[in-house]
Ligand SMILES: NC(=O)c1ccc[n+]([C@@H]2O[C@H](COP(=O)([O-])OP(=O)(O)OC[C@H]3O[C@@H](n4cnc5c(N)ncnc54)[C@H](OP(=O)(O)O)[C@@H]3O)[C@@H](O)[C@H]2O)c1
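Only one chain comes next, encoded as structure tokens, the form predicted on its own.
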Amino acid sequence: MGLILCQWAKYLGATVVGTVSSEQKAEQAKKAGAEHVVVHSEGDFVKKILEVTNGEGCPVVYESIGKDTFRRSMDCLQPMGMLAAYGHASGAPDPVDVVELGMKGSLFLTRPAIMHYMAKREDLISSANDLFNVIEKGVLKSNVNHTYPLSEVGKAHRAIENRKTTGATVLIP
């Protein structure tokens, strides 16, 4: 998901700062459009965000790791910024006290789920058309880097959970 976000956000004109778990993923994030990349184990991504935003923070942070990075992702937001927590690869984050959102700058927090955004058929079709249009324009490159037979679905899930994959993982029937 991160590679898609990098490409699409760059296309939309955003300054993209990526946080990754390895040097290999850092190179992929840069190729996908991230202007700045921090490897979690090698640097403080909050410090890097504040550095590249001149201390202002980000208007939006897309958070997919969860427990290990959630609080620090909140610290990257500018006042009235939005944290979109769409995954929790390292486990569910600790609960957030609503008062804390105010104290940190009137922050917004959302946990988007695709079934709500695609509840109506016309929403699904519109989103699919948007996706296929940017693929056709060459904005998004498909990155199918891992394939597994359907019979090895457990192995595929473990690889994803253990952050051993990059790009898309496809199950083959």
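Treat the numbers as computed from the prediction; the structure is a model and nothing was measured. So that the term is clear: the rigid core is the largest set of C-alpha atoms that superpose within 1.5 Å between two forms. Position 1 is the first residue in the sequence shown; the rest follow in order.
Keep in mind that the form predicted together with this ligand is not shown, yet the notes after this line are about it.
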Exercise for the section: Could you tell me if all three of K48, R71 and L101 have a heavy atom no more than 4.5 Å from this ligand in the predicted complex? Expected result: no
Fill in the blank from the handout: Answer key, this ligand contact in the predicted complex at 4.5 Å (heavy atoms) among I65, C58, L140, V37: the residue is I65
Practice task
Scan I125, A113, V144, A119 and let me know which has any heavy atom within 4.5 Å of this ligand in the predicted complex.
Solution key: A113
Exercise for the section: Indicate whether I172 is a 4.5 Å heavy atom neighbour of this ligand in the predicted complex. Expected result: no
Exercise for the section: State yes or no: in the predicted complex, is some non-hydrogen atom of R163 no more than 4.5 angstroms from a non-hydrogen atom of this ligand? Expected result: yes
Exercise for the section: Verify the contact flag for A89: yes if a non-hydrogen atom of it lies within 4.5 Å of a non-hydrogen atom of this ligand in the predicted complex, no if not. Expected result: yes
Exercise for the section: Mark V20 yes when one of its heavy atoms lies within 4.5 Å of a heavy atom of this ligand in the predicted complex, and no otherwise. Expected result: yes
Fill in the blank from the handout: Per contact check vs this ligand in the predicted complex (non-hydrogen atom within 4.5 angstroms), the hit among 28 to 36, 105 to 113, 50 to 58, 126 to 134 is 105 to 113
Handout entry: A14 C-alpha moves between this form and the one not shown by 2 Å or more, core aligned
Key = no
